[in-house]
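Only one chain is given next, in structure tokens, and it is the form predicted on its own.
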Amino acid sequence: MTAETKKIAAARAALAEVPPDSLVGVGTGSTANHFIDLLAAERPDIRQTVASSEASAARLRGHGIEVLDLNAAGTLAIYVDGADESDKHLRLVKGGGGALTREKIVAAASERFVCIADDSKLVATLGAFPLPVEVIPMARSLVGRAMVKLGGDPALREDVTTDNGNLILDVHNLHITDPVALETEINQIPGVVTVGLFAARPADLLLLAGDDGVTRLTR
């Protein structure tokens, strides 16, 4: 299967995890886009969602699916989103699509987090994919220096402003052996909005699509 076919397979597998008539949190990115399209085509009982980005909200509304504000929605039954990397403990690196802060918020507001990905995303140790860090603009250099002290090589993501009006630093060359500790440490740096490590609250289920079908990994 091609990488795109695998993404579609993982997205379709996630449909079976969505409870009937539930309020669904929806992520951001290419795999999440497949989930949105399949949700619209194959789950007519799902008519209300919460989106983790303006782009996903627009795609959902384009299908005629209502998008609620999280403050009005309360706790969600399920959140479905992709990942840039996952380890076997379902700790993730996310944020390649620039929506890491809202993704983390919606994941925290959900009873269950289902991650959908192709099998290339499963790694032994996180860090080969540059770690996104959303920062308040005036703190860009301050946070960048802190990333260097942690052993990383930060680069500003050019011409990108998040839905929250902030910047993203992509931190290269990290070998993340303790994702929970690193998530906590980076989140404590003044000016950091959030880091794209989803380790303190990892996924509950990883649907990993490969040539032989979709594998289910749980914590």
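From 1 onward, residues are counted along the sequence shown. Nothing here was measured: the structure is a model prediction, and the numbers come from that model.
We do not show the form predicted together with a small molecule, though everything after this point is about it.
- Contact check for Ser30, Asp84 and Lys121: all three have a heavy atom within 4.5 Å of the small molecule in the model of the complex.
- Annotated contact segment (heavy atom within 4.5 Å of the small molecule in the model of the complex): 30 to 38, selected among 146 to 154, 61 to 69, 183 to 191, 30 to 38.
- Taking non-hydrogen atoms only, Lys6 never approaches the small molecule to within 4.5 angstroms in the model of the complex.
- Taking the partner from elsewhere, Leu100 is found to have a heavy atom lying within 4.5 Å of the small molecule in the model of the complex.
- Residue contact check for Gly127: none of its heavy atoms lie within 4.5 Å of the small molecule in the model of the complex.
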